[in-house]
Ligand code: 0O2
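Only one chain is shown below, in structure tokens, and it's the form predicted on its own.
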Amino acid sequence: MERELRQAFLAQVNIPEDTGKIFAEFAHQFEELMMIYQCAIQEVTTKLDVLSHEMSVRRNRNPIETVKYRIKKPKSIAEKLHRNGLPITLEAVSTKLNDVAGVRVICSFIDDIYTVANMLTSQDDIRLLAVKDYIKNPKENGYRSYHMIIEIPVFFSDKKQYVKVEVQIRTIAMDFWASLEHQVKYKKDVPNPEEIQARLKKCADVIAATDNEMQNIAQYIDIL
């Protein structure tokens, strides 16, 4: 666990860091919370693996290219709570943040995105909490992706607990653009940032047009 979140939490509740027992208890509780999120990610990725295998056998074409995942870093968690005016507590992490655990699914074609989303959320143990469709409604900077917040049950030795996971589904081209845009956005002292943003937006539009044309070709030759 990174030092930043420890310090932020302890400052919030006015506990000096050298108060060993209380500090150790917080560290243990935070570790357990992150374990719960990691287990939730494993549940989601297992479901995606099963769907991937099924589609490869039954449909002779797998729309899922790759699956990536991550747990938000402690420093990022503390910063997001602070930005949103929330107390930096473990309760706030688990009840107020939806994206601590994240899974990203990369697909070949745009239609595959909606196919995978529907197959995943139609499973009766998954609760769909929210959807943001940035493919039909792109962000101003050109970002395109399909976002869902789901709750998935995780079975422990003494209980079943529903845990929130953010699932992002996008094409290979969308993921390529988003990865590069992220690097540029967080680089300091970028010259002419307005020009860079305009060029990135133009790239996003070209990529979107390419995605659409690739899907048209796939439909024409009947591989979808």
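Numbering starts at 1 and runs along the sequence shown. Predicted, not measured: the structure shown is a model, and the values here were computed from it.
FYI, the form predicted in complex with the named molecule isn't displayed, but the following is about it.
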{"property": "Among 128 to 136, 87 to 95, 106 to 114, 150 to 158, the region lying within 4.5 Å of the named molecule in the predicted complex by heavy atom distance", "result": "128 to 136"}
{"property": "Distance check, E43 to the named molecule in the predicted complex, heavy atom within 4.5 Å", "result": "no"}
{"property": "The named molecule contact at Q168 in the predicted complex, heavy atom, 4.5 Å", "result": "yes"}
{"property": "Partner proximity in the predicted complex: D99 to the named molecule, non-hydrogen atom cutoff 4.5 Å", "result": "yes"}
{"property": "Partner proximity in the predicted complex: L33 to the named molecule, non-hydrogen atom cutoff 4.5 Å", "result": "no"}
{"property": "Contact residue in the predicted complex, from R59, R70, R199, H53 (heavy atom within 4.5 Å of the named molecule)", "result": "R70"}
{"property": "Contact residue in the predicted complex, from C39, L48, V163, A178 (heavy atom within 4.5 Å of the named molecule)", "result": "A178"}
